[in-house]
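As structure tokens, one chain now follows by itself in the form predicted on its own.
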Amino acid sequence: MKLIIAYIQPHKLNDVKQALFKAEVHKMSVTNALGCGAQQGYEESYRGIKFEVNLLKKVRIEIAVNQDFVERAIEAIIQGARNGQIGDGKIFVLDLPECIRIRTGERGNEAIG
């Protein structure tokens, strides 16, 4: 079992969801996030006062998958999120030692579904 965490551009969320659906990955958690990386932000002016914006809006997607779905989930995220420019995002793949479905008490691969 693996936990896939991806940070992507907010406007690419719909494309990523569609790509994941085609890859038969239907379960995910999505949250709004702020972050900085290679983009390093930008400078903005408000009423003549310049200020730096270095925490940019991102979307964090978390997907718990069985081993069979790891590569197809990663490829779907890349396909949906890739723009070819700095700021496309990152994907992290972590080991997931345990998963428990609260409703039934199932554990492991069965709990992920």
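All residue numbers are counted from 1 along the displayed sequence. Treat the numbers as computed from the prediction; the structure is a model and nothing was measured.
The discussion below concerns the form predicted in complex with another copy of the chain, not included here.
Under a 4.5 angstroms non-hydrogen atom cutoff, another copy of the chain in the predicted complex lacks residue 67 among its neighbouring residues. Although the partner is absent here, residue 23 lies well away from another copy of the chain in the predicted complex, with no heavy atom inside 4.5 Å.
Among residues of the shown chain, residue 13 is one whose heavy atoms approach another copy of the chain to within 4.5 Å in the predicted complex. Although the partner is absent here, residue 91 sits close enough that one of its heavy atoms falls within 4.5 Å of another copy of the chain in the predicted complex. Contacts to another copy of the chain in the predicted complex (heavy atom within 4.5 Å) from stretch 11-30: 13, 17, 21, 26, 27, 28, 29, 30.
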